[in-house]
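What follows is a single chain, given as structure tokens, in the form predicted alone.
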């Protein structure tokens, strides 16, 4: 087990509305790690063959605050593929490329209550329900601008670089694995082509979708990406703007209502924060104006969410008073 704390700009704690006791926050993470590390419920994803090779014992929790402090415990440098968490950031890039009004004509913002890979469209508008499920994400990826496939992929990689703060890469074995077994996503793409939601270049859209899902990140990266959204689109470590501020509310709104697959309603009720999960075991959580949280544990529940990750987030929300509608915590953070 690794436990690490780093800190910058401690004098800004009060102004940033951050916890008054940074050492307490590190202690909370350490206690949660020790509490849930023995948990063995759930299974590693196997429908993508490369994912089945992950170690079920991997587990890490990271926090990055909007003034650049980091709190980390566990296997926070272990790399894994980002999977569906990439949908959040591709959505932001599509918004920048086309604007909210146009994107809304192609992809809605309604939760489905169905599994993330369900082959369904909004019957009235013939569009995917939201950008956080596979049909919507494939449609969003098809909107990314570029003269050719290479330029579009490079624009995605450059965008991820701004959020993470360093270069990242596509894991080729995972990409090939997804491309080889992604027949359900091809069926979804053909349905959307039939409804006019994507153009004829289905293979190009799917390849880019499989590539973005295969981006390699670690838990620290997730926390930094989440903190960038919490910080109105500015990476708190590099101070580089990753996304236009006007689109952050759109991204967070859809994360809040649709980001946790068909667990989104219960998540909003219990945790009360914008979040996105992925079937590799990552969960990215945004506490607006305060911090980003990353959790990684490959053991998944029946909905595809990290079992340990959900437990940790429920505990953090309760202990620190993070729920957006927790009136008792509005005056400040709970440190009991």
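The structure presented is a predicted model; accordingly, all values stated were derived computationally and were not measured. Positions refer to the first chain, counted from 1.
Omitted here: the form predicted together with a small molecule. The next part is about that form.
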Does the small molecule come within 4.5 Å of any heavy atom of residue 72 in the model of the complex? no
Does any heavy atom of residue 89 come within 4.5 Å of a heavy atom of the small molecule in the model of the complex? no
Given that the small molecule is not shown alongside this chain, does residue 29 nevertheless sit within 4.5 Å of it in the model of the complex, heavy atom to heavy atom? no
Using a 4.5 angstroms cut-off on non-hydrogen atoms, would residue 213 count as touching the small molecule in the model of the complex? yes
Looking at 121 to 129, 230 to 238, 159 to 167, 81 to 89, which lies within 4.5 angstroms of the small molecule in the model of the complex, counting heavy atoms? 81 to 89
Would you mind picking the one in 307, 66, 279, 268 that has a heavy atom within 4.5 Å of the small molecule in the model of the complex? 279
Exactly one residue in 218, 134, 142, 112 has a non-hydrogen atom within 4.5 Å of the small molecule in the model of the complex; which is it? 134
